[in-house]
Ligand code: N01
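A single chain comes next, written as structure tokens; it is the form predicted alone.
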Amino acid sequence: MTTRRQDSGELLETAIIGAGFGGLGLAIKLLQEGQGNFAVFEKSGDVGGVWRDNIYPGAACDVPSHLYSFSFEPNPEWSRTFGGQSEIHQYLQHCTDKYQLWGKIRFNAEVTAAKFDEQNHLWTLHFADGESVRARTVVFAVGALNVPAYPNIEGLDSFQGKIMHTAEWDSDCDLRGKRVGVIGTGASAIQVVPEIQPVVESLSLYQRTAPWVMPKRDGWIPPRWRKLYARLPLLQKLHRIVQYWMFESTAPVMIKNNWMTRMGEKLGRRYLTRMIKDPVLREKVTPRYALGCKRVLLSDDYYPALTRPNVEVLTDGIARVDESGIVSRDGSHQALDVIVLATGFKVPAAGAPFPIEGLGGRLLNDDWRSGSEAYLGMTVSGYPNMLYIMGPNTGPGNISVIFYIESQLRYIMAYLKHLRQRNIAALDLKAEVQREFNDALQAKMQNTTWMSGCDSWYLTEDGKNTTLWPGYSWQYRMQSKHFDPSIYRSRRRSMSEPQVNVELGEPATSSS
């Protein structure tokens, strides 16, 4: 049965998909320039993206709070060096309040398909409820960490206890006195394990690959400092700059796979030795690959939690799950009440988030089948007026994602301004520009630690890294600083095309 598509008749200048950092940031910039004919479409019922959804115990950022926020909207009231889930979510709600965005966001609006109309140079977005809208430009700010990855383990559905993914945490599930199995040792696992360890009867941690863990050095920000930041905004700005260069200075260690990487590994092993005295346990959790090949994790309490008497690290691998627990490959059985899947997300290294049809009926899912690619992670040849925020190869390996987002916001605003001022219907990236950019990017990628042999979520099945930026973040900012219209093919508007009113609404004003 075919779902009836009903065109609302609405014609937008810009449609933004997603109300996380990227989507909200672009909405703010549009309003500040007086561009009111846009809408943000959010599949859930609130803003925040990953920070709305991930409510598991201990959920927090591994980038300092002052750096993990918009440069144009500093928050002097961060309570911790590294912000927790709730506080970051509240920050995004604050931004939505202050810049009066609630009326521009359509909640519970899940996009299921997008198609470009070559005759009218418009995108049509289809939604799960059967409605559709048209827009001159569409900006995907859907992020990469939004679809939970469930492991393919035999018998998982047969378990009679409670199963929950960290990204779909059930706050009503009381873990006190329970026998809990945690599958995975990635970013969510090292946060949730120390939080639940003190209250559970036993915790069985199933590790496939030992992660590199470095000290986080988290802590409360004293009230006097918060008052100073509020009174002296320049002080907070300087603090942010110092934090940026501290993290940026780790790029050679995390990315280059050279003698500096070996030095970083030495520091990591020293930290591990200091935290875990038991040689058997220490051997289990010692990484066997280059520092940075997988995501480097920050924690002050993960290693100490593993040393507690009610915690066991199991490294033999999972054979299957039965009604009462997990059977390891060595035949041992752990009886469990709850299984926590700390198995991360389905990162779109290849393929589109939903059917997207561009010029000549071409499908983005086909073009990206062997690995997603774009120019500067933002524009894709064959898909005019379609832009991505945090698209292919723009993930940071060592720094705040917000730095990349703000670089992209600047570029996207210049792109949209060029469309308006030159009366251009559509801009289509030249295929040779995309090819040359990505050939150079992948050549540079071969010398990074991410390609040193480990199996990570950064890579496609064919071993291509379509996720991270293979260099310094300041290099990305410099490359994306100027919008060059010559790398695009322009399509002029005709009088018969639907005309879009780009300046509905008033420029944004900040209301405290």
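Numbering starts at 1 and follows the sequence shown. Please read all numbers here as calculations on a predicted model, not as lab measurements.
A second form of this protein, the form predicted together with the named molecule, is not displayed here; the remarks below concern that form.
Considering only heavy atoms, tell me if residue 308 and the named molecule come within 4.5 Å of each other in the predicted bound form.
-> Heavy-atom contact with the named molecule at 4.5 Å: absent for residue 308.
Is there a heavy atom of residue 345 no more than 4.5 Å from a heavy atom of the named molecule in the predicted bound form?
-> Yes, residue 345 is a contact residue.
Using the partner position in the predicted bound form, report whether residue 133 sits within 4.5 Å of the named molecule, counting heavy atoms only.
-> No - in the predicted bound form, heavy atoms of residue 133 and the named molecule never come within 4.5 Å of each other.
The named molecule contact at residue 115 in the predicted bound form, heavy atom, 4.5 Å | No, no contact at 4.5 Å.
Taking 4.5 Å between heavy atoms as the contact cutoff, choose which of 384, 181, 184, 391 touches the named molecule in the predicted bound form.
-> The residue in contact is 184.
Go through 95, 251, 214, 153 and name the one with a heavy atom inside 4.5 Å of the named molecule in the predicted bound form.
-> Checked against the cut-off, the match is 153.
Which of 480-488, 32-40, 53-61, 439-447 lines the interface with the named molecule in the predicted bound form (heavy atom within 4.5 Å) | After filtering at 4.5 Å, what remains is 53-61.
Contacts with the named molecule in the predicted bound form, stretch 192-219 (heavy atom within 4.5 Å) = Read in sequence order, the residues that approach the named molecule (within 4.5 Å, in the predicted bound form) are 208, 209.
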